[in-house]
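There is one chain below, alone, in structure tokens, taken in the form predicted on its own.
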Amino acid sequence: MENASIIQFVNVTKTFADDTIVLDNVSFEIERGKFYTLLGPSGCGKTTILRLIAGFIEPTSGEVYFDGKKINHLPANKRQVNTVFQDYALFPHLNVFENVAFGLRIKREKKSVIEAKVKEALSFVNLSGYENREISEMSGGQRQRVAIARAIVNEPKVILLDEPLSALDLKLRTQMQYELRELQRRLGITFIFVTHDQEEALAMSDEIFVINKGKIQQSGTPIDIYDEPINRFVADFIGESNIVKGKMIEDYLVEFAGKRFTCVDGGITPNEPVEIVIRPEDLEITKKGAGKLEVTVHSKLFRGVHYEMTCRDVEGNDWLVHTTRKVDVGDMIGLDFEPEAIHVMRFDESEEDFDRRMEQYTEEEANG
């Protein structure tokens, strides 16, 4: 029986010649057949992880495993992975067929095998009939499909995608997000996608690794990452957030903006200073005096599907609100929200610290 894990990083650190630490003691597992996204700002280490998996570089310390075997020093051409690069890296002097067939010719496959596999790969990416088309005659989206066909034709166990949508316009980029996700489902193989675009990550992924300064800040499903951010960086990087300082009075009771509110969080030391996250779409506008908070509208922008407003409460906290209701700048209004909308974070807590804390809290509750 195959192990569910196909890639493992165990305490992997990568430093460059100037002693810059790019990855700092990183450990994680990648399961087969899922769509993973490495998400983070430029220079956070996400592309370095991709290059370590591909075999373009080696770790300074730690171990990288593929199918249970250590591959730290295994050459790139011996690994069962293929990479789709940001610029696609297609050969301009070769037509579509020859670009896709390139890897098979290197392996000295039979002509009949090459023709069958290239035809199948092009069919997968909806480019049947484009075999003789020159690369210079292809659109950006078509070139991306050629690059993907070239990657899948060698039947890898993992496909690595290094920001392959960044050069496309917004409409085409959105279309290709759907196509890539559907392609991964049809192929049933592992995709590892690198991006700094959080909306892209949320839309496409089974699992997301949020990375900053060489460390994985949080990993989980898009819903987990969005609804339950571990710390300020994740909350701020994934979507738009209202983050204010507060105090955890006791389990399920928190204080912020000068008031106390029922929440759904526990396991934090009583009276500990904390940070509170409420998403803009979870704030409901009410009449003045009818909500949990009173605020003054400071600015308003029309975003097409909703208005985006910035408001300020009497304690000086700024609140971003997404609403379809019309109010005017200068109006005093109420803001209402459910206990489930309040997410409580400890200052700078790591995912490991959070897991340990919740495990201990669960044990204490079970033991009474």
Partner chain sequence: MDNKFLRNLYMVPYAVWIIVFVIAPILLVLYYSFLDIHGNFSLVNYERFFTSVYLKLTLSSFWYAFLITLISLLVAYPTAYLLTKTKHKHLWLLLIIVPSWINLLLKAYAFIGIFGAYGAANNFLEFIGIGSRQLLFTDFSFVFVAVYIFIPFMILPIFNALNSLNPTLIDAANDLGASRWTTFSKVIFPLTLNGVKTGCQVVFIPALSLFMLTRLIAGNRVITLGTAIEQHFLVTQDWGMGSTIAVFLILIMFLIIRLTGFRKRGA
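It should be emphasised that the depicted structure is a prediction, and the values quoted were computed from it without experimental measurement. Residue numbers count along the first chain shown, from 1.
Beyond the structure shown, there is the form predicted together with the partner chain, which is absent from this document and is the topic of what follows.
Asker: Looking at the partner chain in the predicted complex, is some heavy atom of each of R51, N77 and P92 within 4.5 Å of it?
Answerer: Yes: R51, N77 and P92 each sit within 4.5 Å of the partner chain in the predicted complex.
Asker: Does any heavy atom of G103 come within 4.5 Å of a heavy atom of the partner chain in the predicted complex?
Answerer: Close contact exists here: in the predicted complex, G103 approaches the partner chain to within 4.5 Å, heavy atoms only.
Asker: Quick one: does T83 come within 4.5 Å of the partner chain in the predicted complex, counting heavy atoms only?
Answerer: Heavy-atom contact with the partner chain at 4.5 Å: present for T83.
Asker: I'd like to know if R145 sits close to the partner chain in the predicted complex, meaning any non-hydrogen atom pair within 4.5 angstroms.
Answerer: No - in the predicted complex, heavy atoms of R145 and the partner chain never come within 4.5 Å of each other.
Asker: Is there a heavy atom of N154 no more than 4.5 Å from a heavy atom of the partner chain in the predicted complex?
Answerer: Close contact exists here: in the predicted complex, N154 approaches the partner chain to within 4.5 Å, heavy atoms only.
Asker: If contact means any heavy atom within 4.5 Å, which of 239-247, 104-112, 189-197, 270-278 contacts the partner chain in the predicted complex?
Answerer: Correct option: 104-112.
Asker: Could you work out which of D224, D206, D251, E134 is the residue within 4.5 angstroms of the partner chain in the predicted complex, going by heavy atoms?
Answerer: The residue in contact is E134.
Asker: Using a 4.5 Å cut on heavy atoms, which of E255, E179, E120, D87 is close to the partner chain in the predicted complex?
Answerer: Filtering the options by heavy-atom distance leaves D87.
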